[in-house]
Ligand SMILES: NCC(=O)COP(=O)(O)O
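What follows is one chain in structure tokens, specifically the form predicted on its own.
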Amino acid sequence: MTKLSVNINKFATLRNARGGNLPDILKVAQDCERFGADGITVHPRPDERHIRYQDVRDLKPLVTTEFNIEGYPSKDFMDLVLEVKPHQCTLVPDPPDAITSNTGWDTVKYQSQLKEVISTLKKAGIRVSIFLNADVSKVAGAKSAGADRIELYTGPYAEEYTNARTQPQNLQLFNDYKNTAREATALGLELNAGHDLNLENLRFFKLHIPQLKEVSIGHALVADALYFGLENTIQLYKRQLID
């Protein structure tokens, strides 16, 4: 069964909007695990507008499932990750002012940078995943840079899945995801996915990419939890991931 890692950034956004400690991010993470999450994902950004660097430090001894830290490998980010030593670090090519991740790495152009960063992380015993578009030509670069996994950027898939309700031909883009997944598997890379996955489009993605090890979902899951409750929502998402 594909694992569900809950990205708790949006809970931190809510906390920061009012100040204080409500919701309590540490309790949120523990409750997500208690409700069935297979992992906790955080994406600390330089301006700390949601998850703060101290949150990451405080979460480390409390997370009993898999702890995944996402981010651009700046010096501050790398120092934090090497201090905390999560189970997995997911590298994204976001500029500091990005609202959200919106593309994957060009593993050819940034091969030297990725090799250096990945080597440093793996020497610390941290599994490394890199954010990648559905582009077969970039998979070999992920492998040669030393990554253990790729995380498919599923934003375009989510958008086209919605459009395909009225224009079925648009879902042809999904072939790029299937081909990229096959190439990754052939090269010995494991496969994660994330961005705009939700209760409508997740099952289709899972069924057509059986190699999928893990999905990281935050925004949609938090929005659904407003209606269904957090425990029920986590279980609803896990049902979409059953083999």
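Residue numbers here begin at 1 and follow the sequence given. Small disclaimer: the values here were computed from a predicted structure and weren't measured.
Another form exists, predicted in complex with the named molecule; not displayed. Remarks below refer to it.
Participant: At 4.5 Å between heavy atoms, is G39 in contact with the named molecule in the model of the complex?
Facilitator: Contact check for G39: no, nothing within 4.5 Å of the named molecule in the model of the complex.
Participant: Using a 4.5 Å heavy atom cut-off, state whether C32 contacts the named molecule in the model of the complex.
Facilitator: Flag for C32 set to no.
Participant: Closest heavy atom of D196 to the named molecule in the model of the complex, within 4.5 Å or not?
Facilitator: Contact with the named molecule, yes.
Participant: Counting any heavy atom within 4.5 Å as contact, can you tell me which stretch out of 23-31, 187-195, 59-67, 200-208 lines the named molecule in the model of the complex?
Facilitator: The contacting stretch is 187-195.
Participant: Given a 4.5 Å distance limit between heavy atoms, list every residue of 1-37 close to the named molecule in the model of the complex, or none if there are none.
Facilitator: Result: N7 alone.
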